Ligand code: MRU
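Below you'll find only one chain, the form predicted on its own, shown as structure tokens.
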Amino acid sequence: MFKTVEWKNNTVLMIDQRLLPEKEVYRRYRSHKDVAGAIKDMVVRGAPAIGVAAAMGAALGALRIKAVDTKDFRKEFDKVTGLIASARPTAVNLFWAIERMRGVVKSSPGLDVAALKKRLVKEALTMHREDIEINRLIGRHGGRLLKSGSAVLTHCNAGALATAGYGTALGVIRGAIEQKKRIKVYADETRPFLQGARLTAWELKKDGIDVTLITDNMAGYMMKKGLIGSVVVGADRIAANGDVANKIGTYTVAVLAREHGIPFYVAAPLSTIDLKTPHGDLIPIEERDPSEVTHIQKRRIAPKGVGVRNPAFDVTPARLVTGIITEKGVVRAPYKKGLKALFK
């Protein structure tokens, strides 16, 4: 099985997701600046994977700090984590991971610099291990919701490639299969970055899971024909009221699912739930380079000079969400009360 992100000999190893499915290339990063660049350039993507990569990047940056005085080390570490935090704005796991790493330093006033560095590396590795365990729990809870013999539509990639391993939305599918259920998957291509076509289809085929690729604008047709029994997606941030920010196009799928009476599930760890953001209108939406829309694999498909919009995410209102699947179980409306209870 491939490894999305890995700590190896005080470096960070990541599969370059931009090159899939043509090439399976692993890149080694030796500085926190390079890890931040990898997050920004989407070498690694998916909220949980970004969080783990950010933690490892912070640990890497800590190891490279030359200060021997604890106070000076703390100042330098704040600069390290600040740079990583600026890589991408929407996925809350990035900021959750940074705050957790900063918390290690704040809660260890008696440690010298050498001990702090060891503690930070240990914390990053713990977060990596925890993410896989959390995903398996999400898969176990969510797998119970899927009917044997049914077909699931998923949008973007919320699998092992988007996490430390196993996956959230694809973890639910894997969980159902481990429960001996027969599951078929429809993966829509997910323009403009094609995470469904390039990543989800590749990952599921690698696992021997029955997957059929469709274009984004085929989803409504497939639903009307009765070919899709449920929708399962991941999330980059979930607001306190249950509004869900996920890859652009998720909102469209949710509207189609509601129209056709199909359950729409969101699978995400607690670290993706942002109780400090009251509703989805306050979630910052990243606008990416226009070339992602005008080009495919560096080949131009649109006329030069055309106006382009490229929001990377949209927000699905909580009223369209059937259930949010977490490591602590499935939360249903009213979400404000249910999500808050998860943290008690």
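Note that residue numbering follows the sequence shown and begins at 1. The structure displayed is predicted, hence computed values, not measured ones.
Below, we turn to the form predicted together with the ligand, even though it does not appear here.
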item	value
Residue contact check: Arg174 to the ligand in the predicted bound form, 4.5 Å heavy atom	no
4.5 Å heavy atom contact, Gly57 to the ligand in the predicted bound form	no
4.5 Å heavy atom contact, Ala47 to the ligand in the predicted bound form	yes
Partner contact for Ile84 in the predicted bound form: the ligand, 4.5 angstroms, heavy atom	no
Residue among Met42, Ala67, Leu63, Val308 with a heavy atom within 4.5 Å of the ligand in the predicted bound form	Met42
The single option of Ala235, Val253, Ala187, Ala97 touching the ligand in the predicted bound form, heavy atom within 4.5 Å	Ala235
Region of this chain that lies against the ligand in the predicted bound form, out of 119-127, 212-220, 243-251, 103-111 [heavy atom, 4.5 Å]	243-251
Within 4.5 Å of the ligand in the predicted bound form: residues from 152-184 (heavy atom criterion)	Cys156, Asn157, Ala158, Ala162, Thr163, Thr168
